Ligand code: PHB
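Consider the single chain below, provided in structure tokens and representing the form predicted alone.
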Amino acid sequence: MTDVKATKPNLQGYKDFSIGGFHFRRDEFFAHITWPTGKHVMSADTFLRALQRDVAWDFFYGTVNFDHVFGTVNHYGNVDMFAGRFNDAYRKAELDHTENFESPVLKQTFEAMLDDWTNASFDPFASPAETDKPFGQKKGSNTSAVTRRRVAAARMVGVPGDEKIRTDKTHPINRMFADVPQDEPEVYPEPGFEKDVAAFSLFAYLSRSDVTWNPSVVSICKASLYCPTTEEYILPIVHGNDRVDWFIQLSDEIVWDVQDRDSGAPRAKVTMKAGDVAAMPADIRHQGYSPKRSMLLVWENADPGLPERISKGLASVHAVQF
């Protein structure tokens, strides 16, 4: 682990950060990114919401595009940080740049930047309707919000030893889910199976989520992960797949922009309503728009060898071959 390279606070009160050939600076409104062959500007709002997810997800599966220029690619132990890599114009102008870092090293820099650049009144995990704006000069910090632990069950929510059902004391019902029933199933396991038989209401569980666009793991069976989440406004990243994602829309509606993973060329626009199921191929990138807070179940195959098999043509980029 190397020390984070940060400067003293600038005139707006924020520190500059550097790692490798990349340099990051923020002012009252924008995040400025420079690298040996170019520079880029992003709204502080957009940058912090994407940075929050990249940190919380340990760089997630595949590619996390902060926007059409900057992002990261997870190699599960090390990470590529790039500018212009998946942008045809940048590549043709030879302005693209990629550097590889050990995952803990880059995460340390990202965590320090997220903590320093997030003011006390702003929560990058929340819906825009549930938090103040991130703009202006530095005013305190919101460490408790940006260091939330991603909930991940070892077996299933409700099983002894795993995360308990959220309660009024820890997670009040979200304003958008006031009509969701809170009844929990009754379970009567045979003696000796009390630790192995359990059930919980997924809708009640999700109705108390205090974050948006942050999949939590509620059940695991070998490499099969159920990762539900609540969505409102816009997915703060454009996710580039390295495996197939299954989406099950549990409530309301999400509109997805689907593009080619490498070029960004449009592939599809998918409108999912409650009850709809879609499989996102392993060679696309996608971003979602949820006009009302909705519930989405993401079904992930966490097999660590899957991306390599797909890249070598040993596994399909599609869920089903017709």
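Throughout, we count residues from 1 along the sequence that is shown. Just so we're clear, the structure is a prediction, and the values are computed from it rather than from any experiment.
Form predicted together with ligand PHB: not shown, discussed below.
(message) Given that ligand PHB is not shown alongside this chain, does Asn142 nevertheless sit within 4.5 Å of it in the predicted bound form, heavy atom to heavy atom?
(response) Result no; Asn142 lies far from ligand PHB in the predicted bound form.
(message) Contact with ligand PHB in the predicted bound form for Thr229, defined as at least one heavy atom pair within 4.5 Å: yes or no?
(response) Residue-level check for Thr229: yes, a contact with ligand PHB.
(request) Tell me, yes or no, whether Leu306 is in contact with ligand PHB in the predicted bound form, where a contact means a heavy atom of each within 4.5 Å. (result) It does not: once ligand PHB is placed as it appears in the predicted bound form, Leu306 has no heavy atom within 4.5 Å of it.
(request) Using a 4.5 Å heavy atom cut-off, state whether Ala50 contacts ligand PHB in the predicted bound form. (result) Taking the distances in the predicted bound form, the answer for Ala50 is no, it never comes within 4.5 Å of ligand PHB.
(request) Report yes if all three of Asn214, Leu235 and Val298 come within 4.5 Å of ligand PHB in the predicted bound form by some heavy atom, otherwise no. (result) Yes, all three are in contact.
(request) Sort through Asp123, Asp245, Asp96, Asp242 and report the residue having a heavy atom within 4.5 Å of ligand PHB in the predicted bound form. (result) Flagged contact: Asp245.
(request) Given that the partner is absent here, state which listed stretch (22 to 30, 35 to 43, 267 to 275, 56 to 64) has heavy atoms within 4.5 Å of ligand PHB in the predicted bound form. (result) Contact-bearing stretch, as computed: 56 to 64.
(message) Can you list, in sequence order, the residues from 279 to 294 that come within 4.5 Å of ligand PHB in the predicted bound form, counting heavy atoms only?
(response) Going through 279 to 294 in order - heavy atoms within 4.5 Å of ligand PHB in the predicted bound form - there is one hit, His286.
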